[in-house]
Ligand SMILES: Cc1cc2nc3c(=O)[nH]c(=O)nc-3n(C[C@H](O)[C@H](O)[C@H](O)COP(=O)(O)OP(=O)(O)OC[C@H]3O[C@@H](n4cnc5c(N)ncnc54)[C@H](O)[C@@H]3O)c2cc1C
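Read the single chain below, which is given as structure tokens and is the form predicted on its own.
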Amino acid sequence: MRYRPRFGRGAAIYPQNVRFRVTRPCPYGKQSNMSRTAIIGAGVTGVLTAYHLDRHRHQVCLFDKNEQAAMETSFANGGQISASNAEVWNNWHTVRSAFKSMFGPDAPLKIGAKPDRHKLSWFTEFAYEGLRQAKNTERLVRMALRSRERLRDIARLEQIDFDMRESGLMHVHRTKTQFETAARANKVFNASGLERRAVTPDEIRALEPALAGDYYGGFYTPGDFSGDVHKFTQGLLAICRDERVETRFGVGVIDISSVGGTIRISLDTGEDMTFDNVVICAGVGSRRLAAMLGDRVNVYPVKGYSLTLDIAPDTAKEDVPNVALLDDAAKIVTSRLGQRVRIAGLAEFRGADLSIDPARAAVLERWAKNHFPRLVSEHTTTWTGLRPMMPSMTPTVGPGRKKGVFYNTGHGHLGWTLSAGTAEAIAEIVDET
């Protein structure tokens, strides 16, 4: 059976009958086609896809234009594996809040004024998908729940050290209106199988003593957790290399085609390589590669920022955040990663712009100072990355129009959360096609 994505509408393909499993070693005794499969993109999604396809006995070659894996969006994100953050953005209350505050100095959302045909097409489809936002949120929550458990299984099975912290995740709300809006969304989360409960101001203080400020209430999700995506990806890549996965890093793909069931990839080194299959996991670069293959994957690069604070040795234990946190109004998250704290958030629609705007970085710095005033940092690192967003806010996982072409991309703000589940799903789809 073939699962064909509706590229024009950016709908996710995530078959309900795909069975999720993690086995090591792979059940190599079963029949396998031993196909030669290329994966383009070595972020967390690409490396997990390589991991699963290797266990399906594919001969895997992993490509990335960078010299190492996880050097772009998977380098310094918010660090949260958060099924509780799976509400899509194209709902009325999120859009209204974003546009109401977008001209303020600390606005979570900024949209570049420069005319951009791609941006216009993306927002047109984003508005259309708003008609299906409840259905897309429910789908995304279910995907995130499966993927969260698969990621936890892999981390334990492979014993990867990535500063994993299983202390749950807490959303906080300063006003009654914000809390009641979140309570309505929580009904969808609970109906989709997510354990997420309301907490009082006293419970917020008990769960996170380091957090300053007054809050009307919040929601706590015990099953969510946090961890360093870069460390995880590097650790899993080492395991893949110890098996049979070939890597070609530091090379760019300048052309890709599918003719007669054969995938031909042309590299900037002058080489041409052929494969039976290709899986596009290239994040914001997926749109360009899909166009070469006759497909439309309307991924838009949405810039986000992060600060990584190295905790000073003299900082008191009770002054360091421990619970993964999300401030819904500011759209800023906090994760504890070993002896570091990661503060991340904001969204900018300015195309493929990776420059660091000091004013935007200062938004995160002020937030950190106001919410964790007793946290002492020895060193702070500022980073920016591009989230690969689909208009539906759900990833594209499935085959393209041509034989041997597959996509696992467009994970948006939930790339770390969804990566393990979609990688396992695409491995099943490649085998069944």
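One-based numbering along the sequence shown. These numbers were taken from a predicted model, which means no experiment stands behind them.
The protein also exists as the form predicted together with this ligand; that form is not presented, and the subsequent description refers to it.
- In the model of the complex, this ligand sits within 4.5 Å of a heavy atom belonging to residue 251.
- Contact check for residue 398: no non-hydrogen atom falls within 4.5 Å of this ligand in the model of the complex.
- Residue contact check for residue 415: one or more of its heavy atoms lie within 4.5 Å of this ligand in the model of the complex.
- Although the partner is absent from this view, residue 283 contacts this ligand in the model of the complex, with a non-hydrogen atom inside 4.5 angstroms.
- Picking from 251 to 259, 116 to 124, 210 to 218, 355 to 363 the stretch near this ligand in the model of the complex, with a 4.5 Å limit on heavy atoms, gives 251 to 259.
- The partner is absent here; in the model of the complex, the one residue of 59, 66, 377, 382 having a heavy atom within 4.5 Å of this ligand is 66.
- When you look in the model of the complex, the only residue of 295, 138, 276, 72 with a non-hydrogen atom within 4.5 Å of this ligand is 72.
- For the partner-free chain shown, 383, 385, 386, 387, 388 of 379 to 397 come within 4.5 angstroms of this ligand in the model of the complex, judged by any non-hydrogen atom.
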